[in-house]
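Below you will find one chain, with nothing else, as structure tokens; this is the form predicted on its own, and questions on how it binds or moves follow later.
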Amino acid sequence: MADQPTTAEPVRARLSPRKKQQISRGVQYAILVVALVVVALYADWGSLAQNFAKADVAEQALPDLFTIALRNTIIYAAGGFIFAFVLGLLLALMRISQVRPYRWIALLYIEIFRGLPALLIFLMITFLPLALPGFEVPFGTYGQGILGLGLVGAAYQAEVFRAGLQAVPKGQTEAARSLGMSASRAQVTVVIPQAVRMVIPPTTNQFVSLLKDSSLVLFLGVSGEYVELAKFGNDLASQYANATPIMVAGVTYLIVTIPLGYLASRLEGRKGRNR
């Protein structure tokens, strides 16, 4: 006779994988519901609203929230992105160059600026006038913020471009050379445009990262008409002894970053379907 399951056999061992998954999901949902109930019952919603969502304090942020803070945040981020885009592309080309010193220089830059905290870079920029007497970053405070974001962003953007350049089939370059193009012209007119199109989704994510990192500009000691969202919210929060301005600044960041993140996801999905 064939062996029959004994009554001592664990019930779990006789469950199908689908049933086990359903039980596991049900347990997770139950834990989530319990956690939400506990938060709803024990949170002091009145105190939270008073400290993080006070309407009259939020009104004090307008219209400077958009006309100064958001405007400056976009200026810092967009300027840093353009700087990082150009320098990152140059570093990527150096990184895959056949000239060994170029590869060493690019690798050293990328490893240093990816390894250092971005905050440290901004603090170093504040000491540039002491280290280089008479030197001034062009465009003043805006230039310092763009420089800091660009230097950090270029290290990451270089690796994005390198992946894109190496993903372009070598046959594209060979075909261009067979038409009489020089190596440099083939790189500029054939390889680089294709690589840029390939890396649009991660490049969009890079811009979102720079937009958030623009909050580090506050460590440059900005004030007045140069403040960005984080500094603006922090200053108002200190003035009114209330966290509502910080929450308002955070929501403003989300208004910009969530659509950009969604756009990057859509572009990535379209790229995957076109492969």
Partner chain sequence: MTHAIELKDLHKYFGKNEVLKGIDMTVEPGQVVCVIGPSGSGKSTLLRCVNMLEQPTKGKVFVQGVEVTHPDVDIDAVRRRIGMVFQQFNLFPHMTALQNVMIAQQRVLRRGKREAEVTARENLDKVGVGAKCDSLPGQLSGGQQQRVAIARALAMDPDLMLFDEPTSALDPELVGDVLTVMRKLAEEGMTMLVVTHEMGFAREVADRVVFMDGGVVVEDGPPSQVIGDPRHERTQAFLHRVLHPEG
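Small disclaimer: the values here were computed from a predicted structure and weren't measured. Numbering follows the first chain given and starts at 1.
Here the subject shifts to the form predicted in complex with the partner chain, a form of this protein not shown in this document.
Task: Partner-facing stretch of 146-154, 77-85, 177-185, 120-128, counted where any non-hydrogen atom is within 4.5 angstroms of the partner chain in the model of the complex - done: Residues of 177-185 come within 4.5 Å of the partner.
Open item on the list: If the cut-off is 4.5 angstroms on heavy atoms, which of these, Ile110, Met94, Val199, Val190, is the one near the partner chain in the model of the complex?
Closed with: Looking at the other structure, the residue within range turns out to be Val190.
Task: One residue of Gly140, Pro101, Gly171, Pro133 in contact with the partner chain, assessed in the model of the complex (non-hydrogen atom, 4.5 angstroms) - done: Residue within 4.5 Å of the partner: Gly171.
Task: Non-hydrogen atom contact Gln194 with the partner chain in the model of the complex at 4.5 angstroms - done: Close contact exists here: in the model of the complex, Gln194 approaches the partner chain to within 4.5 Å, heavy atoms only.
- [ ] Using the arrangement in the model of the complex, list in sequence order the residues of 15-51 with any heavy atom within 4.5 angstroms of the partner chain.
- [x] Heavy-atom contacts within 4.5 Å come from no residue here.
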